[in-house]
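First come two forms of one protein chain, each written alone as structure tokens, so that there is a structure 1 and a structure 2.
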Structure 1
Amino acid sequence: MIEVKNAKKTYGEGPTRVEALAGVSMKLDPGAFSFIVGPSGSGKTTLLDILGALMHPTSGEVYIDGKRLSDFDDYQLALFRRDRIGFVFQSFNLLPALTAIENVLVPVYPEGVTEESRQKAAKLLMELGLADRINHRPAELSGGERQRVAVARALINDPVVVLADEPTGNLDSRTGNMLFAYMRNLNKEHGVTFVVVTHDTEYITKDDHVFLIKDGKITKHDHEKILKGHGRKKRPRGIHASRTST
């Protein structure tokens, strides 16, 4: 499903040169549920962007669903991203003038919205607990609600892989648990492959694939140590968290 061969990514030149990835290799089977974890600045988001064909590695190769991404031109890559990859961005990237259901339908617009696609978008929002928020715009939604709209948008085209960058970063524990339960059900029942970048290790299980990245490299790690909450960020508690996140 996903294979990365010695991917490197550098920014800038000379004294300003930064090596974000220093030769990353990884392989994931179809239907895997995987996490990329590591400290800030370790290259997690850069790796996710390369997996999603949002940027090219400086060197190395990436294969998704049997396709070598470097063989595609920009137009082909755009179609591949739209039809095969779902993205959940930490910053949501919702269009403020559109309602929740219209935001979910954005990937469908180039081919034209049909009654079937509209019903599918509504069903996704209902499954994510947003039945009464379908016609609300992003400014009328909480952070947690906006994140769930972003998840529905990622799923509208039935992607083979979903890439999620800190999907629980704006959620309280209850909503985060609900979101992960929903994603794991899609993984189990429909074989959707998930790759999740996170600081929040409490959602990792013993059966998940975990890639620990540090200084731009995949490193060996103690899976049990991660399961016990090594590096787990502290969640906000109290009334303020619930008001802003659910």
Structure 2
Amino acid sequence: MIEVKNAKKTYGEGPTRVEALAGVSMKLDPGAFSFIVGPSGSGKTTLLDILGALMHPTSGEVYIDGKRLSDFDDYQLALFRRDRIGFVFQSFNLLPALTAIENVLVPVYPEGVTEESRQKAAKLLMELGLADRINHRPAELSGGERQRVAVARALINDPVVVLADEPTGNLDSRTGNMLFAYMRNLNKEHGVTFVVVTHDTEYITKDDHVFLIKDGKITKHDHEKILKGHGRKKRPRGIHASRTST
């Protein structure tokens, strides 16, 4: 379904030029649960933005069901993002003036919010442990609660592919486990394809696909070694908290 061929991405020009992706090729198998791992600044968010058509690569191509993304017009791109992709941003990108449920409903606004969509949003928030935070604004929520609002918003349109950037970055291990169990269930029961950027490698299992990215390139990795690394001493929670919090 989504394939990236030799994607390069540079930011800035002259002395501030950064090559964030230095030629990445990858294929997402439908129904797979995939992880993108790698050091800070290695290009994970950039790659996710490209997979979700939020950004075009500087060079290289992205194919959706065999069609070149660069041939899509703005309308087709918007439809693709709205109907097929659920995006969980590393920095949440919640709208501060809206309540939790209103934020979850943002992707529905173009068609108009119905009683049915309101109930669906409330159900998602409830399932993510936020039943009593539905009418709170982002400033009245903890980082982990905001993160789960962002997850609910990504799921409101029943996406085929969920791209999640550090979805457990602000969660304690109990809530993180709960969120992963929820995502695994969507993957198994409903065939939703997941791509998760994470530093929490303990969530990776044997059958998952792993893309290790270093200096903007996908590099070979030893799956067993990543799985074995689970016993390592864990970093303190919140260390990778995003730069902005709404």
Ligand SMILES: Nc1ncnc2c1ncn2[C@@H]1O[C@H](COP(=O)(O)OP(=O)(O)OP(=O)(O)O)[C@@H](O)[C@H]1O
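The term rigid core refers to the maximal set of C-alpha atoms that superpose within 1.5 Å between the two forms. Residue numbering: sequential along structure 1, first residue numbered 1. Just so it is clear, the model here is predicted, and its values are computed rather than measured.
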These are two forms of one chain. I'd like to know which is the form predicted in complex with the named molecule. 2
I want to check residue 68: does it shift between the two structures by 2 Å or more at the Cα, with the core superposed? yes
If the core is used for the superposition, what shift in Å does the C-alpha of residue 12 show between the two structures? 3.7
